[in-house]
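What follows is a single chain, given as structure tokens, in the form predicted alone.
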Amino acid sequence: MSLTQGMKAKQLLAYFQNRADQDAREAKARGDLVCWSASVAPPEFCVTMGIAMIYPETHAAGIGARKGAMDMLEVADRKGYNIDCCSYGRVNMGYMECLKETAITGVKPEVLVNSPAADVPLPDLVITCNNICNTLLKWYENLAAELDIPCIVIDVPFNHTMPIPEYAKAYIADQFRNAISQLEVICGRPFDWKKFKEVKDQTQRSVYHWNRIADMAQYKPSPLNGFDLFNYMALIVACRSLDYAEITFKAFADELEENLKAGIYAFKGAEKTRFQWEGIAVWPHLGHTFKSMKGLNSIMTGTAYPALWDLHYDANDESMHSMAEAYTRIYINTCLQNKVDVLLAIMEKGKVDGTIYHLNRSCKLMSFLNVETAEIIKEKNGLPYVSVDGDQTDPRVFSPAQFDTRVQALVEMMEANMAAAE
């Protein structure tokens, strides 16, 4: 009997999150390779080669959500990492320094002993991709230099025009093939193309059920609270090429569909307004942001951030052009017009009444063009918006009082619009 038989989706989420970390620890103990990977770098290659995967961005987000970011940020500060650098990167650098000290001395530093961080091993290689930001290149190059390990870089150019031209897909597919060649050298064995097809198929099944979950927000009232997407993101990032994600997402999507049929909704009849969240979650204050909006009877039914992992492609395409397109059409890797089009489509599908834009202190790209984007979208659909200051993992930047004041204003504007339309 399977250990997961009968588990609800939330139980599966916790089980498989822990299982993925355990897989990496066991791989390290066996002497197998462990890779630290950027969140939207293709995992398909490493999974095909049997390399255990850890995702520093997801790991840092987990530390932030568990209120442990400051300890790691202070370690990074002492090592000279500037506060203007990505806070995911700084949390990860702090954690890496603690693991290095443990490896050298055989004793865990107190800051690591007391940390709520999931226990993951040091990597034997890193792989990164610049389809969400160029900071990732320097971050992972630094990890490789500090640990004296290989660094595989997959270059994905910014899309200044849409649709994506064939030459761009061909260039990225060549980057994929180069990464495969590097892995063959690192692993000392040839790439298994038959297994690669199976891994791509698995990835597409995971993505399919991930999109089933996101689609539930279109119903009014909604059985899905969009903040749940933030919680389940750990598996679409870390396990999309494993059946861990497929099993969990299918269970959650099935549960939501059953709730919809039974008339069971996320806010149990208290839903009044619907909003879009644009940007990364404020992980150290995720509970506050959720509770504030729930207290105002406002539900998140639109967000583009989890949709970054809507990585659907043709798994049968041996040229890898379809896969290349999936990894380059990330909306923050595209021109302003496409970003506007993506957000407008999400707002329409989610039947939202307004937008919260997270102006992220240390993630410049997720905040880049937000002012222009917000004004263009308001001009097109007339819906109100507010901007809130914060950061994905540095808790010092976010002000709960400021957040509450601004979202109260948004809710008032949304309610006024709804009253005027009646």
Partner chain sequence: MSKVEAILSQLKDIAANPKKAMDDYKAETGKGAVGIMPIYAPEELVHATGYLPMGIWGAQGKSISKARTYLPAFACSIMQQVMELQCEGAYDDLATVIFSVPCDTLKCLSQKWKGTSPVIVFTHPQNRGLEAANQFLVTEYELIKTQLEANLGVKITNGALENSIVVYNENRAVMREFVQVAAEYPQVIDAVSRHAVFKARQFMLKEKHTALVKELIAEVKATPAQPWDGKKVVVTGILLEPNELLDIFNEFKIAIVDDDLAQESRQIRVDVLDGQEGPLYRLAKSWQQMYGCSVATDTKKGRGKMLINKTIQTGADAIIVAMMKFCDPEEWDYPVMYREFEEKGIKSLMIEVDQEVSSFEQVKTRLQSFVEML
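Numbering follows the first chain given and starts at 1. Here the structure is a predicted model, which is why all the values come from computation and not from measurement.
The form predicted together with the partner chain is left out here; the points below concern that form.
None of 348-356, 330-338, 279-287, 244-252 except one has non-hydrogen atoms within 4.5 angstroms of the partner chain in the predicted complex; the exception is 330-338.
The putative spot formed by 227, 274 and 325 is not touched by the partner chain in the predicted complex; no residue has a non-hydrogen atom within 4.5 angstroms of it.
For residue 48, no non-hydrogen atom is located within 4.5 Å of the partner chain in the predicted complex, even though that partner is not displayed. Shown alone here, residue 257 lies farther than 4.5 Å from the partner chain in the predicted complex, counting heavy atoms only. Remark: residue 84 counts among the residues lining the partner chain in the predicted complex, judged by a heavy atom distance of 4.5 Å or less.
Residue 360 belongs to the set of residues with a heavy atom inside 4.5 Å of the partner chain in the predicted complex. Note on the partner interface in the predicted complex: the residue among 168, 342, 237, 311 having a heavy atom within 4.5 angstroms of the partner chain is 168.
Checking 120, 153, 112, 125 for any heavy atom within 4.5 Å of the partner chain in the predicted complex turns up a single hit: 153. Shown without its partner, the chain has 141, 142, 144, 145, 146, 151, 153, 155, 157, 158, 160, 167, 168, 171, 174, 175, 178 in segment 141-179 as residues with a non-hydrogen atom within 4.5 angstroms of the partner chain in the predicted complex.
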